[in-house]
Structure formats: C-alpha cells, structure tokens
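This document opens with one chain alone, in structure tokens, the form predicted on its own.
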Amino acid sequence: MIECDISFARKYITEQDFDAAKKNARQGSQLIKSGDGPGTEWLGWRDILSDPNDAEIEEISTLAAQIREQADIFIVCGIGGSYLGAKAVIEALSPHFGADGPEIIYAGHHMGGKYLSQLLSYLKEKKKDGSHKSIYLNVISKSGSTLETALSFRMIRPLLEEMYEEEASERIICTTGKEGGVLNKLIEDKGYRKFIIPDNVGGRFSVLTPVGLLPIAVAGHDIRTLFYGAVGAFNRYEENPEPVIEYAALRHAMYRKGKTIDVISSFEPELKSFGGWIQQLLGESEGKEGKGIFPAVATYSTDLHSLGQFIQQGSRSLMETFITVKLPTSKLTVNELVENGDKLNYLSGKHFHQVNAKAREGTIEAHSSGDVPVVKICLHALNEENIGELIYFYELLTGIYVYSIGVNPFDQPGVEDYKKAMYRLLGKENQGT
C-alpha cells in the first residue's frame, strides 16, 4: 500500500489556495477517467490494467525463464521510456552484487563511441573455457528509427550474426509497434521474435507492457506480482482517487507559489534509477508551453554532501519529495568494538535501516525548517507488489496533475525539435522521419 503524506508541505499554502488547486486536480482526474482530455488516444496505460492480458504475461515469463537458463548477457537496447522503467524496477529489486542470472547490460541510450566500442569488445571476449558468451539482445523502439537505439542495434546485430549464424535470429527479440517502422521490416526479413507495444501507450508510460516486463522477468523478478500490484492500485484509485488528487493539488499549489524544482529523493540507493524514471515521466509530461516543475533526482545521504547545502539554504524555488520504505531491506546491524576508537559504539546493535531512517527524519526536519515543502511517499516494503503500485500511483498522479495546470500530459513536441536539428546537421534526407 502506498501512503502519501503532504502534511509537511500543507503549511506553505492557504486553505483557499489548496481548495482551488484541488478543484483543478479533480477536473484533471475526471478527464483521465472519462477520456475526454487532450491526448486521450494515449490512455492505454490504464486499459492494460483494467483488462489484464494474462496470456502475454505468461508468454513473457516463459521466454524469460528460458533466457535466464541459457544467457550470460542480456542486452536491453533502448532509450527514454524504452529502458528507464525496466532499469528502475531491476535496480530496485536486484542485489547490488552477484545477482543470479544473466548480466543485464544497457545499450542504445546514448551515442558515446567509447561505451559502444568497449561493449562490442566485451561481447567478443570468450569465456575461460574458450567458448562464446551466450548473448541475447532485446531492441526496444516503437518506430525502430530512434537514432541512439538504431545505431547501437546496427553495431551489435552483425556481431551476433557472426557469433551465432542462423541461431542469431532466436537471440534477437524486438519490442516495437504493431506494424510499420524499420524494425518490423527486419522482423519480416530475419524472423526475429516480436512483442508489441500497444499503439495507445506512450514510451514513458510503457513499463508495464513488454517494453519493461521482458527485461524485468529476465532479471529474475515476478512480473505477474508486479503487474497485479499496479492492477490493485488501479482498482483502488478508480474507487477513491482522493489521495492522488490531494497530492496533485498540493503540487499544483506549490507550482502556483513559484516552486519550479521538485527534488525527488530517497535514502534507499536501490531507488536511484526509480527516481530517474519518475524524472522522465513528470518532466516530459509537464514541461511544455513554458510551464511545469523541473524534476531533479537526489540519492541520500550521498547527495546531502553535495546538494544538501543548496537545498537547506539556497534559493527557495524548490520542493522535495521523499520516497521511503517502511520495512528494512537488510538485517545488518552496527557492530560493537571494545576499543571504540571511532566513538560509534553508541550505535552498536542498531540496524542500518534504523540509522538510515533517523538520518531521513533529521533531513526532513532540517529541510522543513529551511522552508522546503516536503512530501513523503511511503512503500510498505521494497518488493514487486509495492513497486507495481508505485508505478501506477505516479502514472495517475502525472496525468491528473499535468491536466490540472492546463497541459496535455501525453505528447512531447519539444523532443522532436532536437531530432530535426540533429538530422539536418548529420545530412539526413527527409529530416525528422
């Protein structure tokens, strides 16, 4: 169950301002529910939860289990929503060191030549017994022509064909649109396995489609529990969306009061990439028409030693959202030393989770006293069900809040501007296509 505590931030806005913002948020909620707002053709992230495709989840789980048995490396080749959601969930749920199953490697998320060159060399390296590494590649792109992803796929695909010859077609899985686009032509020609990205689901809302579910399953996580965690949240908020409406209203009221930065932070290092997924979800949805709050990401306590001073005493243009986890993620306790040379025996016997929690409470207290409005989002535990709930919570929040400030949450016209300029400078004909 997700708990949203806005009480620390409420003191910064009047009841009148909050009520006005709540009215706008309720209108945003109604636009989501009725499908009458701008971008209504992109509400498929709700459809997949209202009518779950159990057969597809089973198909993905079965294929992922086969890959886990056979693969040394699984490459996720995509950019933006094509990899951020999967990476967020995998890093939230996987061990920091020595994870069981194939090594998950990301490609196609930038055009750094050094990274790709070293990746190709790494893939070519043979194992100690002289055999090739067992490599699977999942390329994810609705159009198939996104330059960063297409370039990496162009370089990796021939390597797999050289290493595995005809078997290469079984090791390349394409997640793409139902028809059209570059990848569908290759799928036809080469016989690659295919998963479909629903036409009505945009990239940043696609983590609960095959875009995210296949890599997450290959990493060894229970995608059915993850998915149905989101389904549970969908059903609850259909019945009572008030917790999300209140958070959206709070954010709207903060925006109206000049808060232009939201620092999305957590004391759980496992959630750093989840912050990155939220950053794209909010940033690409609300940052239009000269509007929106810029979503920044911080991981504490690490970033308290770099950003903490600014947050505490810098320009008062920011608010802060803490994502917390109630149950411990580790049983590690602080040891006791007889000599106590470091003077830390006062912590002996305490769980690191307790120490971390007190650091978080102290930080919230300090930042609040420094006039930073703080929101707390609490997960009961760091597991598939709770992460699934959190995914839908933030998807719904994004839609409601962005509608409330008078913006279409589901397009991204500005993204096309850099592509047009880039293609022109690179000399591509029919630029932007």
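Every value quoted in this text rests on a predicted model; they were computed, and no experiment measured them. In this text, residue numbers run from 1 along the sequence as written.
Not on display, but discussed next: the form predicted together with 5-phosphoarabinonic acid.
Asks: Just one stretch in 221-229, 353-361, 126-134, 278-286 has heavy atoms within 4.5 Å of 5-phosphoarabinonic acid in the predicted bound form, so which one is it?
Replies: That would be stretch 278-286.
Asks: Between 5-phosphoarabinonic acid and Lys259, Ser265 and Thr321, in the predicted bound form, does every residue show a non-hydrogen atom at 4.5 Å or closer?
Replies: So, no: the whole triplet misses 5-phosphoarabinonic acid.
Asks: Check each of Gly80, Pro198, Pro241, Gly101 and return the one that places a heavy atom within 4.5 angstroms of 5-phosphoarabinonic acid in the predicted bound form.
Replies: Only one option qualifies, and that one is Gly80.
Asks: Consider the chain as shown here, without its partner, and state which of Asn235, Thr302, Thr329, Ser143 has a heavy atom within 4.5 Å of 5-phosphoarabinonic acid in the predicted bound form.
Replies: Looking at Asn235, Thr302, Thr329, Ser143 one by one, just Ser143 meets the 4.5 Å heavy-atom criterion.
Asks: Does Pro210 make contact with 5-phosphoarabinonic acid in the predicted bound form, using a 4.5 Å heavy atom cut-off?
Replies: Pro210: no, not in contact with 5-phosphoarabinonic acid in the predicted bound form.
Asks: Under a 4.5 Å heavy atom criterion, is Asn24 part of the interface with 5-phosphoarabinonic acid in the predicted bound form?
Replies: Close contact is absent here: in the predicted bound form, Asn24 is far from 5-phosphoarabinonic acid, nothing within 4.5 Å, heavy atoms only.
Asks: Decide whether His252 counts as a contact residue for 5-phosphoarabinonic acid in the predicted bound form under a heavy atom distance cut-off of 4.5 Å.
Replies: No, His252 sits far enough from 5-phosphoarabinonic acid in the predicted bound form that none of its heavy atoms falls within 4.5 Å.
Asks: Counting only non-hydrogen atoms and a 4.5 Å cut-off, give the residues of 192-225 close to 5-phosphoarabinonic acid in the predicted bound form.
Replies: Going through 192-225 in order - heavy atoms within 4.5 Å of 5-phosphoarabinonic acid in the predicted bound form - the hits are Gly203, Arg204.
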